[in-house]
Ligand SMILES: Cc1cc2nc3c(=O)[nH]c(=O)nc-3n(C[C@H](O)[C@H](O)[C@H](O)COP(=O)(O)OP(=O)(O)OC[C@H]3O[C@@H](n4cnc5c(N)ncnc54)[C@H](O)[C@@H]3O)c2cc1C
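We begin with a single chain expressed as structure tokens, specifically the form predicted alone.
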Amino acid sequence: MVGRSDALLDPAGPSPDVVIVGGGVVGCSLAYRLAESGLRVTLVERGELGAQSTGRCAGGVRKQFSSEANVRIQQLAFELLRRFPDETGFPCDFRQIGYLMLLSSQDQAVSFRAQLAMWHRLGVSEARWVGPDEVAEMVPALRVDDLLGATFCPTDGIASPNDVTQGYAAAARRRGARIEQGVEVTGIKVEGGRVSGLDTSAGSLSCPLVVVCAGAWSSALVEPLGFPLPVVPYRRHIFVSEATPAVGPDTPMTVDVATSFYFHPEGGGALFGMGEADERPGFELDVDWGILERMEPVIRHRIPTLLDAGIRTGWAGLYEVTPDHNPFIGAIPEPEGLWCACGFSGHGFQQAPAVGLALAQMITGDVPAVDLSAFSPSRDPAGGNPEENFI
């Protein structure tokens, strides 16, 4: 049972300047930055910190995105992850083992070569094109005869979602933020066209500004106020194998672009998963072990020796998906005082360090360290080219 503090409703205490709804990595990163700026911050989480999408993700961190706005976010996120232990006092297990994007069709090759030119223009000069022979040298267990090539960024990699979440939460507390677990928000209160507070399972709370960072549950909080927020939950599975020679400790995060199958080293074995095109939206988190059978032909084709390893464990989490696979970050037009950072479509963990900083700067009226205007909640998420939704 997650405890909570009844002091949340203490009328003698000062009201917070801002309440953050949701204690995943995005909410904790934002809480730290807002508290650092001197605001009175309360974060409300209905369960435990990082227990939902954050704690169920694969931990990938990459700069290989298809839009400039996301590449720039990731450049800042990498800088902040490198500084994370010194800044928070927590480790983050940031391992820059690289990301290898396997390309098996002409359309993919053309698209990623264009993206490679964009990455270079933005300063990601270490990213490069690799041919099938070099791919085989990097990951000898891979089948490469059908590949046209791959893109590889050696500074991409993986980090610990739990360490980053808990590190930001601890740093936020040290700066005076209050973090309440086991408290569910049941509604956002509005008076005279602006936010006035929250109703929660522990009672009511007054505040002039609310930031919804509730992941797949964000729409349920915002849409009753009259603003459509198309964030839809989709289940994604992750499995971890027993020890296997197919994947070593320095094997890069490898993504088969055609199928979305991916893997990276994890505890002597391999952490792996794959999206399903016919997955229906919903909040189901039970593991469908049948997906292993559906993945079997893909694994047999791409890295067959992985099939020789037993399965150590598996779990399911939720992608909070938007129509263009980009998040909603910023102020919601009405009511005044309502903000959001949600809909990250599988990219929330890796974007959280930069988003927390830049959104806090927007809220406090400073110039953000990275431009978030492309992710405005007021944009048309059905327009333009969607971000490629890889792990």
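The numbering used is simple: start at 1 and walk along the sequence shown. Quantities reported herein were computed from a predicted structural model and do not represent experimental measurements.
Note that the form predicted in complex with the named molecule isn't included here; everything after this is about it.
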(request) Name the stretch: of 332-340, 361-369, 44-52, 31-39, exactly one has residues whose heavy atoms fall within 4.5 Å of the named molecule in the model of the complex. (result) 44-52
(request) Using heavy atoms only and a 4.5 Å cut-off, determine which of 127, 231, 103, 183 is in contact with the named molecule in the model of the complex. (result) 183
(message) Taking a heavy atom within 4.5 Å as contact, would all three of 24, 58 and 238 count as contacting the named molecule in the model of the complex?
(response) yes
(message) Given that the named molecule is not shown alongside this chain, does residue 217 nevertheless sit within 4.5 Å of it in the model of the complex, heavy atom to heavy atom?
(response) yes
(message) Please determine whether residue 328 contacts the named molecule in the model of the complex, using a 4.5 Å cut-off between heavy atoms.
(response) no
(request) Decide whether residue 221 counts as a contact residue for the named molecule in the model of the complex under a heavy atom distance cut-off of 4.5 Å. (result) yes
(message) Test of understanding: in the model of the complex, would residue 246 fall inside 4.5 Å of the named molecule by heavy atoms?
(response) no
(message) Using a 4.5 Å cut-off on any heavy atom, which residues of 306-324 would contact the named molecule in the model of the complex?
(response) 317, 318, 319, 320
